[in-house]
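First, one chain by itself: the form predicted on its own, in C-alpha cells.
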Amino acid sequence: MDFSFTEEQELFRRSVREFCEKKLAPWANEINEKGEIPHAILKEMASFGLLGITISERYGGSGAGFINATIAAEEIARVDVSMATAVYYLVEAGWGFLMDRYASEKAKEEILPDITKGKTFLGIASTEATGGSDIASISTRLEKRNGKLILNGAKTFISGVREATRYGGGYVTIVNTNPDLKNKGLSLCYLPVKDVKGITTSIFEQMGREGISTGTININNVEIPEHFLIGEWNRGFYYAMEGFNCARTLVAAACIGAAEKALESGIEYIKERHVFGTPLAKFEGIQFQMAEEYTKLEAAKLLVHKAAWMLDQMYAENRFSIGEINKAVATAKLVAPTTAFDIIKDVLTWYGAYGYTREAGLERGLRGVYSYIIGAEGAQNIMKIIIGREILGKEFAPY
C-alpha cells in the first residue's frame, strides 16, 4: 500500500495552488459580494487547463484522471471557500467527463471545445420540483418527432442557470423516455439554454455560494437535434449514476480543501491569540478540539483520495465493480461535507466575535459547505441509503 502522491501529482498540486493564490484569491471577496465569478477568471482557469480538466485533449481538455481533478478541487476551494468557483469547476469536470465518454462525436465536437476554453458553461439538470434524489420519478419528457428530439418539463435548483444563459452552454439533462419502465425508462441529452425557443429561467436567492447562480429551467416544446442524445435510449439512469459518482468525489474534495484552509487559519490564530496571558492553544478545551478536528480531516481526506483513486483504476484498468465504486464515493461524500462544516464552525468559534464578521471569511465557507449537506449532488441520507444498499444488498433498499 502506498499512501503518497506521485512526484507529478505533488508538482501539479503546487502549480495549481500557486495559480489559485495568484489569480483567484484576489477575487474571492468580490465573487462573494458581487454574486458572480468574473469571466476573466474563468478564462484564466481555462488557459491553465482547469475547466473541463477531465475532458480529452482532443477537445481542448487536459485528459486528467480523478486524482488530479480532486487535487484541483481542493486547491480551488482553499482560496474560494464559498464553494462558488469550486461548483463551477466540478460540474464541468464531472459532467464534461461523462459527455466525453458517452455523447456522440458530433455533439462533442460542437460542445466540448467551448467548455474547455471557458467560453460556455456545462452543468447537470436533474432535480425537479417533486424531488432531487428520486431519479426514477423524473417527469421531464423527451420524445422523438420527425427526426427531432422534443423536450417538455421543468428542472429546479440547478447550478449555473444565469451563467449558462449569459455565456451560453447547457446541461446534461436527465429525462423520461418511457414512464412505464421507471428508472429503466430514463435517457440523457444535452440541453442548450441560451436564446433557445421554449426555454425560460428564474433565479433563486441563496443563503450561500453567491458567486454562482441556482435557478429553475422551464422547458416548453424545446427542439434539439438527435445527436444531442447522450448514449443509448433508455440507458440514462446508469449513465447518470456514473456521472454522480464522478461529481460527488469532486464535491467531497472541495469540502476537504475549504476545511483544510480553515483549520490552518485557526491553528495560527490560537497560537497567537492570548487570553489571561496564555495562548489559546495551551487551553485543553481548544487544543483537544483541534486534535479531534485534525484527525477527522485526515480520515476524510483518505476516503476522498481513495474514491478518486478507485475511479481512476476503474476507468484505466477496469478494476472494481460499480457497487464498490458506489460505496467508496458515497462514504467520501457522507463524511467530507459534515467534517468540513464542523471544522469551519469550530474555527469560527475559536475566533470569537471576529469569527462572526464577514471580514473573517469563515461564514461564507460555513454556508457554502452546508449546501453539500442538504442536497447538492445527493443529500447525506441518500449517501447512507447507497452505503446500506451496497453492504446489505439491493433487496434492503427502501425504494
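Numbers follow the displayed sequence, beginning with 1. All figures in this text were calculated on a predicted structure; none of them were measured in a lab.
Below: the form predicted in complex with a small molecule, not depicted.
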Using a 4.5 Å heavy atom cut-off, which stretch among 146 to 154, 293 to 301, 205 to 213, 184 to 192 contacts the small molecule in the predicted bound form? 205 to 213
Checked Gln313, Gln289, Ser133, Thr140 for heavy atoms within 4.5 Å of the small molecule in the predicted bound form; positive is Ser133
Identify, from the list Thr85, Thr120, Thr127, Asn245, the residue with a heavy atom within 4.5 Å of the small molecule in the predicted bound form. Thr127
Given that the small molecule is not shown alongside this chain, does Thr165 nevertheless sit within 4.5 Å of it in the predicted bound form, heavy atom to heavy atom? no
Is there a heavy atom of Asn68 no more than 4.5 Å from a heavy atom of the small molecule in the predicted bound form? no
Could you tell me if Thr116 has a non-hydrogen atom within 4.5 Å of the small molecule in the predicted bound form? no
Would Ile374 sit within 4.5 Å of the small molecule in the predicted bound form, counting heavy atoms only? yes
